[in-house]
Ligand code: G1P
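Here's a solo chain for you in structure tokens, the form predicted on its own.
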Amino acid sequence: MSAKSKNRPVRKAVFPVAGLGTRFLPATKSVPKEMLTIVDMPVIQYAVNEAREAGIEHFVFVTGRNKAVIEDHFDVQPELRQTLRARDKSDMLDLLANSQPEAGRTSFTRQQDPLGLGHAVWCARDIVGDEPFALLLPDMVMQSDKGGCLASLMQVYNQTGGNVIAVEECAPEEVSSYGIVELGKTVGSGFEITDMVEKPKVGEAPSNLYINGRYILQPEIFALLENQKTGAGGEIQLTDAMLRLANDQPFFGFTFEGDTFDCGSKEGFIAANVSFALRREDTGPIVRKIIEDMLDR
């Protein structure tokens, strides 16, 4: 990879939000799982805020049927603004303004068939174009005292170029549930990735570092996804295409230090609500007391 391509800025981020959220039925029959709230903010907003903190300028949502409310969430609601102004709710107006990307900074495209993460990423090809992009899986909500995961990933990318993936540690007995990476030599704030294994058997994994849902990828991934054969589950797997891309381009890893909540699962969603509520000044004391009272019963 040339120095020119190595230093190309990452301006766009892709958010795959077409999933049906069947693990949260009946709630997700009419409400997208990405719009379920952690305390008072939808799951998707946490990912968008993380991307904005990292300097992302354009937000690309790969949606499906019954997901129009996500587009509405990032739009202006004049009636609500008017009501808040009339009631002198300037704090609420500021909150809404800070959570909304600027005009022309969002794009929405459809994944008509549920053919996997790789296919969802491929659906964004014409919007992303020929430039590197960030990929954030909104179900994975992250919390860290050291700043956002994508911002740290950007720092590594600026040192290494290529493709960069965020990873974090899991218990050795849990490796069969994740995509696991093999570590190479240290490079800057990251390390070389020499292999990626999808759901290896316990005892056969190259490490206990799993891919946690944050990526910076080069646009050549799109051509590979276009002719990628279906893999596990009969879906087009992103990991399969990344392994092919690794034959021609370097991959690097960054170990995220913080908590990642898989909000695609009930237990992860509940844990995220408790953790974020406890860390907030307005909700922390009362939520802590509620939990303590429940545990004393």
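Basically, rigid core = biggest C-alpha set you can superpose within 1.5 Å across the two forms. The model shown is predicted, which means the values in this text are computed figures rather than measured ones. From 1 onward, residues are counted along the sequence shown.
Missing here is the form predicted together with the ligand; even so, the following discussion is about that form.
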{"item": "Contact residue in the model of the complex, from Thr28, Thr63, Gln45, Gln237 (heavy atom within 4.5 Å of the ligand)", "value": "Gln237"}
{"item": "Heavy atom within 4.5 Å of the ligand in the model of the complex - residue from Arg81, Arg110, Lys199, Lys89", "value": "Lys199"}
{"item": "Heavy atom of Phe222 within 4.5 Å of the ligand in the model of the complex", "value": "no"}
{"item": "Non-hydrogen atom contact Tyr178 with the ligand in the model of the complex at 4.5 angstroms", "value": "yes"}
{"item": "Contact test in the model of the complex: Phe133 vs the ligand, heavy atoms, 4.5 Å", "value": "no"}
{"item": "Tyr215, heavy atom within 4.5 angstroms of the ligand in the model of the complex", "value": "yes"}
{"item": "Proximity to the ligand in the model of the complex (heavy atom, within 4.5 Å), stretch among 100 to 108, 222 to 230, 69 to 77, 137 to 145", "value": "137 to 145"}
{"item": "Stretch 111 to 131: residues contacting the ligand in the model of the complex, 4.5 Å heavy atom cut-off", "value": "Leu117"}
{"item": "Rigid-core frame, C-alpha of Glu174, shift of 2 angstroms or more between the shown form and the other one", "value": "yes"}
